[in-house]
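This document starts with one chain, in the form predicted on its own, laid out as structure tokens.
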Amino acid sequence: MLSYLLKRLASGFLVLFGVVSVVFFLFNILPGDAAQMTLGQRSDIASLEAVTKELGLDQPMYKQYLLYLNDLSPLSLHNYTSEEQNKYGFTALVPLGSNRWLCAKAPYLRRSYQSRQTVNQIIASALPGTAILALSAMLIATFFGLLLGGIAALFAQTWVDRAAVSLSIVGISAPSYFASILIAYLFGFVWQRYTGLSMTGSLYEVDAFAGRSLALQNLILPAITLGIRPLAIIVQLSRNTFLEVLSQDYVRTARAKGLSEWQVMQRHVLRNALGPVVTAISGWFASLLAGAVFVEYIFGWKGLGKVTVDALMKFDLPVVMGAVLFIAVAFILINILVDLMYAWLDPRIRLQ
């Protein structure tokens, strides 16, 4: 298992290196003056030259790329003195002469052109909102997807089965932006007096008198909207998997022993049918972290998606690049965890 984990981590590192390279060169060939965007419209030539030098934009492209890798790497080279290393959170490991050190640090995603905040801080502040939204959507999709898929499998070839499949097809076919607009308009505006829900809002609301307060009701509509497509996928996948497992000999043996349908589903069908479903759930959870852009923007939910859209509109490239790299890391780690979960869910699988 340890050998397999190390191999998966190595392949994940190679994938991440490719993503870093593509993201860097893709965003750096786009038009735009980073120094100008950092200083704003009112800036003199001396200030522009100073910021250009500070950002390393006066260097050739390959040197900028190496500097970017140096910023991202947990082990990097820096010319700071020991006082500056403590100030910037570096841990000096090996002196290399002339105040040059091999340092250990957290990956540095640089600073926003607009707010001058570090991208690490921006992502850290936006991530809890996206994580809570994606987790809520995935819980809704998983619970109702497995429930409807199991019911459809038990009542196969009946109107119940056809209704569940038809609804899942509608859910798959509905684009996120269309579903977001429709649900926000109907439940947050037209039927607002019945639902008590608003069209927009984040996890926390700030009142001038009451201060910051938790607003879980704002989570309902975006979580349901974001969970529609994975729910539809899970319904169809779990139905087909349940039908395949229900046709196995050990299920017929369990029924012949007098076990009820609930006991058969719980003890013999569910665990053996969860392998493909877990893959779909994990893949969709990683996708929801990346694909919540439309939902967050339309519902005004403060999260990684909304921050990324706002950064794109302002051409704030470090924020966009940092968000893309974070999502890539999330995909890689989740896929590794899924591969390890397979062995636990299905004892027939052996990692060699």
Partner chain sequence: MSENSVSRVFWKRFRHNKPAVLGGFFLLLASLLALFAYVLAPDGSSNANQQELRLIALSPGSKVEVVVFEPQKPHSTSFWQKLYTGEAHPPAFFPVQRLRRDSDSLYFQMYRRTTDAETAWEAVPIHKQEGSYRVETRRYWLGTDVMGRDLLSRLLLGLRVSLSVGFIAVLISIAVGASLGAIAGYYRGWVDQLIGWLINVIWSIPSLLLVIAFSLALGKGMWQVFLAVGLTMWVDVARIVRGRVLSLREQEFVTAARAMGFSDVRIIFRHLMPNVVGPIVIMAASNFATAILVESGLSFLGLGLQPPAASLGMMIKEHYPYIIMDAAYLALVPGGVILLLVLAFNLLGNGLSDAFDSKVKMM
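It should be emphasised that the depicted structure is a prediction, and the values quoted were computed from it without experimental measurement. The term rigid core refers to the maximal set of C-alpha atoms that superpose within 1.5 Å between the two forms. Positions refer to the first chain, counted from 1.
A second form of this protein, the form predicted in complex with the partner chain, is not displayed here; the remarks below concern that form.
Partner contact region in the model of the complex: 228-236, out of 228-236, 103-111, 124-132, 140-148, criterion any non-hydrogen atom within 4.5 Å of the partner chain. Interface residue remark: Val324 is counted as part of the site for the partner chain in the model of the complex, having a heavy atom within 4.5 Å. Proximity of Val160 to the partner chain in the model of the complex falls outside the 4.5 Å heavy atom cutoff. At a distance threshold of 4.5 angstroms between non-hydrogen atoms, Pro175 is in contact with the partner chain in the model of the complex.
At a distance threshold of 4.5 angstroms between non-hydrogen atoms, Phe155 is out of contact with the partner chain in the model of the complex. Ala156: CA moves 2 Å or more between the shown form and the other one after rigid-core fitting.
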